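So this first bit is one chain, no partners, the form predicted alone, shown in structure tokens.
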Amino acid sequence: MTSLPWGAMARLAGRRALFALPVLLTVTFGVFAIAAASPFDPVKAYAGNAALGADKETLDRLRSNLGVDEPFTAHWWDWLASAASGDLGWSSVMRQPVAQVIGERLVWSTLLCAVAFVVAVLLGTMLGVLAARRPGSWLDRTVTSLAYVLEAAPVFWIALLAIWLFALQLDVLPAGGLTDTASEQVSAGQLASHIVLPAGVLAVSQLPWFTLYVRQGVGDALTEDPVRGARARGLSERTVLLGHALRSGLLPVLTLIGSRAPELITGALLVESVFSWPGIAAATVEAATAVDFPLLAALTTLATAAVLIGNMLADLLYGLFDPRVKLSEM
């Protein structure tokens, strides 16, 4: 690993930030346009059951108060101007400021994704290295076959299977939620037991990609001349594998970190819905069905920013760990 070129890193981050600005503007504009074309009625979603017995005059008055009849471009521009000053607006479906909705839920979504991602990377690296040590062996065939099966399995199917097995049949883990039913306070013990299934399912959904990438990268590295030279010098197989092949074989995985961010976010939304995890999934669904412009735009912008940041971190890591890559050229 080379010394950290802080200047090159700052220039790369600056270029990516300039690129991210028009992307975020386009995404938010698209969110408002799609929401405006949605068949859902935001007035009825806001009024709830009261809308069933309300007359047309009352609904029209509520529609005027909510500004639903205004063009979506006006909604988008007003939200954009407020967001630029730090005000993300008011969520009509949640009945609270958008910033508060995100602040209350983002921490749980971030915790879930972070735990799942770390588990997927560590377990995928271990399985990939074990499979690459002896290509064609029973272990290699087993790991590879299992990775392809999990790669094709929908994440919600894995989640339902996990609930059936661990919560219903074995009764060793809770089926969902953040705490026990009778408890209102979140304790460390309850959090640890309740996060196992959702984080495990999300990790399993990402595991095949890391396993296959590490297996391919380490397998190719074992056939390269530097590794052969290390073996010829009499170094132990452990040193050759961990000190030479693994370092070279993990380089492609760095690019995978950024590319898996969109699917990680999508998988997290499905997992949170199945396990009733109090993250941003429920807020996203409710914002979409209720055509809650401010909340939907903020959540979509947040997800887009997470993807862009993931891609930038992947490029930075690749440039730092691979001396052949110059950050100034990325």
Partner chain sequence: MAEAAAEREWRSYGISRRSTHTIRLRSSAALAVVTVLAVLLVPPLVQLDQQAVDLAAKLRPPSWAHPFGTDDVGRDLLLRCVYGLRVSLLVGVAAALTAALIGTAVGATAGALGGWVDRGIMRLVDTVSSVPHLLLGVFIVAMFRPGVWPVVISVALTHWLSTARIVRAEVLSLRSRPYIDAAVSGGASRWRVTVRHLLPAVLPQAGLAAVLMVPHAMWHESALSFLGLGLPTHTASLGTLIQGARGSLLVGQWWPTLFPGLFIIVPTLAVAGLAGAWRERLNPRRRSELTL
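Residue numbers count along the first chain shown, from 1. Rigid core here is just the name for the largest C-alpha set that superposes within 1.5 Å across the two forms. If you're wondering where the values come from, they're calculated on a predicted model, not measured in any experiment.
Unshown form predicted in complex with its partner chain; subsequent notes refer to it.
- In the model of the complex, no heavy atom of residue 99 sits within 4.5 Å of its partner chain.
- Its partner chain in the model of the complex comes within 4.5 Å of a heavy atom belonging to residue 151.
- When its partner chain is considered in the model of the complex, residue 317 lies well away from it, no heavy atom lying within 4.5 Å.
- At a distance threshold of 4.5 angstroms between non-hydrogen atoms, residue 156 is in contact with its partner chain in the model of the complex.
- None of 99-107, 204-212, 86-94, 122-130 except one has non-hydrogen atoms within 4.5 angstroms of its partner chain in the model of the complex; the exception is 204-212.
- Residues are counted as partner-facing when one of their heavy atoms sits within 4.5 Å of its partner chain in the model of the complex; in 131-146 only 141 qualifies.
- Taking the rigid core as fixed, one finds a CA shift for residue 272 smaller than 2 Å between this form and the one not shown.
- After superposition on the rigid core, the Cα atom of residue 290 is displaced by 2 Å or more between this form and the one not shown.
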